[in-house]
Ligand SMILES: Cc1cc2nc3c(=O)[nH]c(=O)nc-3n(C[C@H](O)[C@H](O)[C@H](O)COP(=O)(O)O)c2cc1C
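Next up: just one chain, as structure tokens, the form predicted on its own.
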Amino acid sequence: MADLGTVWMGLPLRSPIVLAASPLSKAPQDVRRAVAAGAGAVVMHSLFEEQVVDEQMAAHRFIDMRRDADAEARSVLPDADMSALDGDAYVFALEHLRQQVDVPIIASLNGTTAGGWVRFADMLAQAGADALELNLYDIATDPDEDAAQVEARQLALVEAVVRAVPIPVCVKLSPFYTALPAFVLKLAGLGVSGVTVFNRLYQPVPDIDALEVRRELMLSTPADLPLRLQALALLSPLLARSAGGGQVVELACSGGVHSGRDAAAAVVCGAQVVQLASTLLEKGPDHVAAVLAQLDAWLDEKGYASVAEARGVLDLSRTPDPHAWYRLNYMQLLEGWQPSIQRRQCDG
């Protein structure tokens, strides 16, 4: 059996399989099953700043609604303490989860304001999170704010969080950056410990019969993986070189990993860990064991004694054909397309 141990954000893990932020990581019994099956770490479900604010506002509205409806004078009633709605439920879940499993627990934060990012990050660090994953879930809708301004605002937020907390910080990115390598190098310069590619933006779906917009959760498929693999292959050698300055930034793959062979593909492109959610929602948290068994079998088949030996062997700096990751590959694919052969293969 190969050595499946790895390191992510400086945290030693027993395996490269990480339970991603999802409904599963919200249920302690599912987390325990995933860890028992071999998961090396857990990313908790996300704490959304706007959800906390909505809960606070709803409570205030409820209290204010009755201010002048009761016979008792307000002066004799105790002041309402709203601090219990300030993310306390998430902190309780974090503290409870730490008692349930013996692997690193990464808190997931999705903020909307600069103050909120820092305040909640500090709260989660104090609650005992081993690391933070920041979701830069940002939809650009303001026509007066260009890409450079969006990125500058995001970098300022990340810098504020990194300075505010004593634990490792990972940034989970969307795939929609114009120059992803340059942005990631800027993150590395701010002191982040990890980068996750990619966040999945759950896009609304128009219902043309009801003439309304619906929110639907679509699970990932292996078809989502190639976009992540290309990003990993491009970023892996860049971050390895940037580590010469002292800060090591390690890569995580999220989205499209459904099997051990998918995990192997992410590893050879440079991933330290792979995050699983959709396949575990479909097959249950025990499926982690099957993914690890498939990964171990692939490592043995290729003669690798460990995950570390296989990591990055096909990234941009080490692949036998670097042009395969570039636009040239697109041109060759188009030139090599033979519809009749493709049809015969499909029919066969």
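Predicted model only: the values in this text are computed from it and were never measured. Residue indices: 1-based, along the sequence shown.
One more form of this protein should be noted, the form predicted together with the ligand, which is absent from this view; the next part is about it.
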query: Honest question, do S22, S46 and N199 all end up within 4.5 Å of the ligand in the model of the complex by heavy atom distance?
result: yes
query: Just one of 146-154, 119-127, 191-199, 261-269 has heavy atoms within 4.5 Å of the ligand in the model of the complex; which?
result: 191-199
query: Given that the partner is absent here, does L281 sit within 4.5 Å of the ligand in the model of the complex, heavy atoms only?
result: yes
query: Is the gap between N135 and the ligand in the model of the complex 4.5 Å or less for some heavy atom pair?
result: yes
Contact test in the model of the complex: S236 vs the ligand, heavy atoms, 4.5 Å: no
Contact flag, L276 vs the ligand in the model of the complex, heavy atom cut 4.5 Å: yes
query: Taking the ligand in the model of the complex as the reference, which of L219, V213, A179, I139 has a non-hydrogen atom within 4.5 Å?
result: L219
task: Within 4.5 Å of the ligand in the model of the complex, which residues of 88-108 have a heavy atom? Give them in sequence order, or say none.
output: S108
